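Given as structure tokens, the chain that follows is alone and in the form predicted on its own.
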Amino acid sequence: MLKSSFHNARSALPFILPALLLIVLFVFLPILFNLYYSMFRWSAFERNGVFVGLDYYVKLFQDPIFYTALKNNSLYAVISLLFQVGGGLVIAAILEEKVIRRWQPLFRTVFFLPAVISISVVGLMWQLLYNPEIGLINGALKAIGQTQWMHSWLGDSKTAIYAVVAVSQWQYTGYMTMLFLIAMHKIPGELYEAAMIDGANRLRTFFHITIPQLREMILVGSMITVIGAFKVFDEVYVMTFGGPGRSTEVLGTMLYRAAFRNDEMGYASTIGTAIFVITLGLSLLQMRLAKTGQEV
């Protein structure tokens, strides 16, 4: 049996090797090079760098902007889990109801459409919506007589990060809804029929059948969402670029500023390493908590 397994492994190797080489070349080697470059002070316009060891890591942990960015990314992750994963799951369950199922193709299109729009277009569109003078949001508040709620949403450091996070929820909740809908279609209908015969209502079947059956998809969706929250860059770059007063700074814009504004490539590599460690750690933690692939 051992000989047969070894033979099967050798037979599979030619098929696995090309993909494995690509992963090593474009994933693992860049990670190692980034770690190496984070220990040098170097510029994009200079050939040689100066070895500084762990100085940039010390600088990073002493930089107050790093903690502002970490707080904003964490806020992104928590809100995204609530709205994209939690909200997407609820919306998917509603769309699976018999009363709404006939309209499901229309709603699928409506919910998924924002996810395929370019983030640059989305950012510029929401900049106009948030505009304190000509924006639709303040205009709607004025039209219904709620002028006390009118605000400079992106111009106030207290509301700017929430305004940017809200855009991400609008754009990507529909994407998560589609993932959950696909997973729900694979749940055997007999489970729901048996539950209904036993007298279970919609709410109980949702918590005792739908959610347990979607456990793996919820884990995958949570990992995608959390990793995306700590890698977020485009929305912030287009709408605020970390302002006002760097109140919406995230790790991605902090990295960009260090690399392409300040030409501190070694420091930017350090920030990149921090992003990698955080996302890897959170992914492993989620997998551990979910005990994926194990019997419960």
Partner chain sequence: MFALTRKMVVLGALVLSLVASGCSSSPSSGNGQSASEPSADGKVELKFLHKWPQPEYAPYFEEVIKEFESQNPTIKVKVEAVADEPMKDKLRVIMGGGSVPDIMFSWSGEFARKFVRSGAAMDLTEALNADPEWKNGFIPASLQPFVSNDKNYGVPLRFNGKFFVYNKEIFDKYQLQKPKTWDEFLQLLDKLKRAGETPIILGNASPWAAIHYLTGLNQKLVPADVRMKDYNPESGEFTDPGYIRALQYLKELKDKGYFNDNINSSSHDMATQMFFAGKGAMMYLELEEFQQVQKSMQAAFDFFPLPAIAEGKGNQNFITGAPDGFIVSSKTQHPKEAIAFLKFLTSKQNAEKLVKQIGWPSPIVGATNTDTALKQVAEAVDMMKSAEGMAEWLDTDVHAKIADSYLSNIQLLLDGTKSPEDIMKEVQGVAQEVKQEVKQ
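All values derive from a computational prediction rather than experimental measurement. We call the rigid core whatever largest set of C-alpha positions still superposes within 1.5 Å between the two forms. Numbering follows the first chain given and starts at 1.
The same protein also has a form predicted in complex with the partner chain, omitted here; what follows describes it.
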{"property": "Listed residue (243, 49, 30, 228) with a non-hydrogen atom within 4.5 angstroms of the partner chain in the predicted complex", "result": "243"}
{"property": "Residue contact check: residue 14 to the partner chain in the predicted complex, 4.5 Å heavy atom", "result": "yes"}
{"property": "Proximity of residue 97 to the partner chain in the predicted complex, heavy atoms at 4.5 Å", "result": "no"}
{"property": "Residue 36 within 4.5 Å of the partner chain in the predicted complex, heavy atoms", "result": "no"}
{"property": "Partner proximity in the predicted complex: residue 281 to the partner chain, non-hydrogen atom cutoff 4.5 Å", "result": "no"}
{"property": "Location of the partner chain contact in the predicted complex, chosen stretch of 126-134, 108-116, 176-184, 81-89 [non-hydrogen atom, 4.5 Å]", "result": "126-134"}
{"property": "Contact test, all of 22, 59 and 156, partner the partner chain in the predicted complex, heavy atom 4.5 Å", "result": "yes"}
{"property": "Any residue of 71-105 that, in the predicted complex, places a heavy atom within 4.5 Å of the partner chain", "result": "none"}
{"property": "Large Cα shift (2 Å or above) at residue 244 between this form and the one not shown, core-fitted", "result": "no"}
{"property": "CA of residue 58, rigid core aligned, shift of 2 Å or more between this form and the one not shown", "result": "no"}
{"property": "Flag for residue 228, CA shift 2 Å or larger between this form and the one not shown after aligning core", "result": "no"}
